[in-house]
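The chain below stands alone and is given in structure tokens; this is the form predicted on its own.
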């Protein structure tokens, strides 16, 4: 078996897209198993452009929201798993972008027939309910789409093969929403026209809407290389994250069984991705947030602005208590540490090794946000380095202080580090294993 999971360990934005894109160079399949357009995986890649003078390599950036990050590679088949909620209009845009990036008319994607559709009325419901301001969500309608799934009235991709059933489901849901919120919010939505547009949109891909769990398990049976890509991250997981400031899906290793139909027991590698510091978008507790000049420097040097929302990220030092918790929840085989280069230039680098709550030392990540809000980080300071490390490709090329930092993180988390990213480019990495 050659199945690998890539999971976020913090509050998202750890650089999972780059790690997945790297791994997918050798992969046959890459599957997303949770979330929707609330995810933003940014990948820098080399696009091949055909000109009169031959092929030219053009560096470009692709921001994935639905399509798996490994899909850019020609030989890698992408899968949108059953645990996702799929905005058909956003997907159509990404498919066209993917075709252009791959210089091909075939996006090489499969779609789970059990994945739910995120419809244009879902963002309206989210705004009407007022939850966007309370929880500081992406306002993409993710919560209402998952709500319809749990209420067992959602429209699924497989319903597109049964047009009359699909239209009936949408009509019933719209009728219910209008009873709750009134006609005014939905005045621009004609249910029949909406359904006809979506049905036409998916006409070319009806044969790609299938039991993707079966496809992925068969691929593993055949010893094909399969990547399972998580969106959001452990601390945003609906059950294991900082509830209620979380997403609406399972973002941990357990979400792979739920959202892809592949048992976690079939995984050979579970790679957890963490920044060398910590960021968070939106509301919620954040013990190591630094609102001083140091936090602003991390934001500016790290270009910490949301891929999906564009909002500035809250920044702070690496929280090793939270990282150790994420390792426990996911039972990682290895870590990928990203954005180490952002720490260059600090004389001292702080890491949180414990918390204090009401004067008492706490060494475990609290489950209740009320307790996490009260946590004051207990820091240990490590020597920094001044060198630009973006050109380093081996461990020995890194400054000794950077090597020591990596080793400290690995020892504290109790997990080996397999790769360290020292820049956004595909090749800007240091392999440790």
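Residue numbers count along the first chain shown, from 1. These figures come from a predicted structure and were not determined experimentally.
We do not show the form predicted together with ligand GDP, though everything after this point is about it.
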Select, from the options 220-228, 338-346, 73-81, 257-265, the stretch whose residues sit within 4.5 angstroms of ligand GDP in the model of the complex by heavy atom distance. 338-346
Contact of residue 418 with ligand GDP in the model of the complex (heavy atom, 4.5 Å): no
Can any non-hydrogen atom of residue 149 be found within 4.5 angstroms of ligand GDP in the model of the complex? no
Taking 4.5 angstroms as the cut-off for heavy atoms, does residue 313 touch ligand GDP in the model of the complex? yes
Indicate whether residue 40 is a 4.5 Å heavy atom neighbour of ligand GDP in the model of the complex. yes
Considering only 3-24, what residues come within 4.5 Å of ligand GDP in the model of the complex, judged by heavy atoms? 13, 14, 15, 16, 17, 18
